[in-house]
Every structure is written in C-alpha cells, then in structure tokens.
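Read the single chain below, which is given as structure tokens and is the form predicted on its own.
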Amino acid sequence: MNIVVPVKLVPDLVEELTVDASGSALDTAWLRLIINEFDDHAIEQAILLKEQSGGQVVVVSPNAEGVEDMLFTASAKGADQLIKLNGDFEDGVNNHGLARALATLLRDLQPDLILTGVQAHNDLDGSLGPLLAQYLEMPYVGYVSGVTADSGKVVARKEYPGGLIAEMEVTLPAVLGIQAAEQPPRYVAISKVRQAMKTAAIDEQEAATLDPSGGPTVSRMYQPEATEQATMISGSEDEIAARIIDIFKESGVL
C-alpha cells in the first residue's frame, strides 16, 4: 500500500504571537514553528499500517523553517520517502492554495491512501483533508481514531460526540482525516534523527503557482484585550452563596 501523509508546520502556541506591521498577519521574524499535532498522529497511523500490512509511507511538507528536521524525524520513525515542496510559502498560504499544490504532486505519486491531520489551529478556511479529497475526487472520512487495511479497502473508526464510534469501510484510494492514531506518536532519540540525516534524502519538488482562491482574505488581526472578568468572593459559605445570588440577579439570570 502506498500511503502519503501531507504535513505542515504551524505556529507554536506556547510562544507569544505578535501581529506584524501590516496588521493582517503574524510577525514571522521570531515565530517558532512545530509540526501540527494531528499531522504527527497521521504519520504514526501511516507507520502502524505499514508495519501491519506492508507498503511504504511518503511524507510531504511545504517548505518552511525547520521542515528538514521534521522530515528527518519522520524518517527516523519509519517513513520511506521524504518530499519537500518548494514554493512561495514564506508569507503563508491558505488551505485552498496548499491543497491545489499538493493535489498536483499527489496525482503523480498515485497513493492508495492519503492521511492528513483532521485539523490545525491555523486552518481558517477548512481542513486540508476535505479539500484534497475534492480536488482529487476521492472519498473522505474525518475524525478517524484508527484504521485497518483489507484487500483494497480500509476500515476507519470515526468518532462522534458522546463517545460514539462508527466503523466505516472505505474503498481505496481515499483520504482520511486523522484525529488520533491507534497509539501516541512514537518518540525517537535525537541520535536516530541524526542518523536519518546521514542516510535519508529529501526529494525537493517545485510547487505549481499557488492559487488561494476560495479562501478568506484576512484584512485585520488583533491581539486579545486583557480585561478583568473575574469577581473574587470571600466570606462564610452563607455570605458567598448570598453574593452569588445577588450577582445572578444583577445579570438578569434570576
């Protein structure tokens, strides 16, 4: 089975994010990028399928600072082929443009199965998986938490609210949006990553002209304002209860 996993780097939300001088984008001068968490689970699920049923895993990512380290880490985990897609990604690209660029490459790779992260915290215009499925004319199932392969088909375990799980049989080729792999993404020691840097190769390919049409246009970004919204209440239990009732009455709840 030929499994392709498109991944991307996203801003690390642990770091402080600032808006650039234009007011419509993040300042990338000191922006730290990390692999999208759900994409990491997609890589893990792909490697699990390879270990269970054979095949190869191809990891594809648009060029960005730190992408080589991320790709070599995927190789150390078990990915067979690494592809870096070069293009005008420095100022960011929406998912419509990224999906179109990836679709052109994926048609040449002829994958049996495409695994994407189900979402990312910078997806403003829809998740990548459904868009890829649209451009490639493949079926899509999202919020998947486990996959098994069987004779040209896969069974995807899809999560629903309330803890409900459905098993869906999908004929390949198909696109699945991974919410969680069957096990947490495996840890690889830095020594294995360094070894992968010496033995693995990154195939660099040029992206077609990016077409962002269909996505939203960001005209202005704002930092959230810090305001005082908490009311601290002290006193005995009766006094606290009485004060809470008064607050509810003042706000019109009671």
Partner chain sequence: MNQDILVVIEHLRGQVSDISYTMLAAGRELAQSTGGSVVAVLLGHNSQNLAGDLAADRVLYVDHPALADFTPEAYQKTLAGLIGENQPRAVLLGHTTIGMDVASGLSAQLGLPLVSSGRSFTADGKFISQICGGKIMAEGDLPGPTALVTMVPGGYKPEQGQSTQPPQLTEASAPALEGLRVALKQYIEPEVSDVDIAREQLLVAVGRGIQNQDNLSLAEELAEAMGGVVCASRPVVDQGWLPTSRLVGKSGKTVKPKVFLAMGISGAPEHVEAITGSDVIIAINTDPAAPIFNVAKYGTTADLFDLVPALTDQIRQAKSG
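Only a predicted model underlies this, so the values are computations on that prediction, with no experimental measurement involved. Numbering follows the first chain given and starts at 1. Just so we're on the same page, rigid core means the largest C-alpha set that superposes within 1.5 Å between forms.
If you look for the form predicted together with the partner chain, you will not find it shown, but the lines that follow are about it.
Although the partner chain is omitted here, in the model of the complex all of Glu37, Asn122 and Pro139 have a heavy atom within 4.5 Å of it.
Contact check for Gly215: a heavy atom falls within 4.5 Å of the partner chain in the model of the complex. At a distance threshold of 4.5 angstroms between non-hydrogen atoms, Ala74 is out of contact with the partner chain in the model of the complex.
For Met221, a non-hydrogen atom is located within 4.5 Å of the partner chain in the model of the complex, even though that partner is not displayed. Although the partner is absent here, Ser22 sits far enough away that none of its heavy atoms falls within 4.5 Å of the partner chain in the model of the complex. Interface residues of 239 to 254, taken as those with a heavy atom within 4.5 Å of the partner chain in the model of the complex (partner not displayed): Ile240, Ala241, Ala242, Arg243, Ile244, Ile245, Ile247, Phe248, Glu250, Ser251, Gly252, Val253, Leu254, in sequence order. With the core held fixed between the shown form and the other one, Ile240 has its Cα displaced by at least 2 Å.
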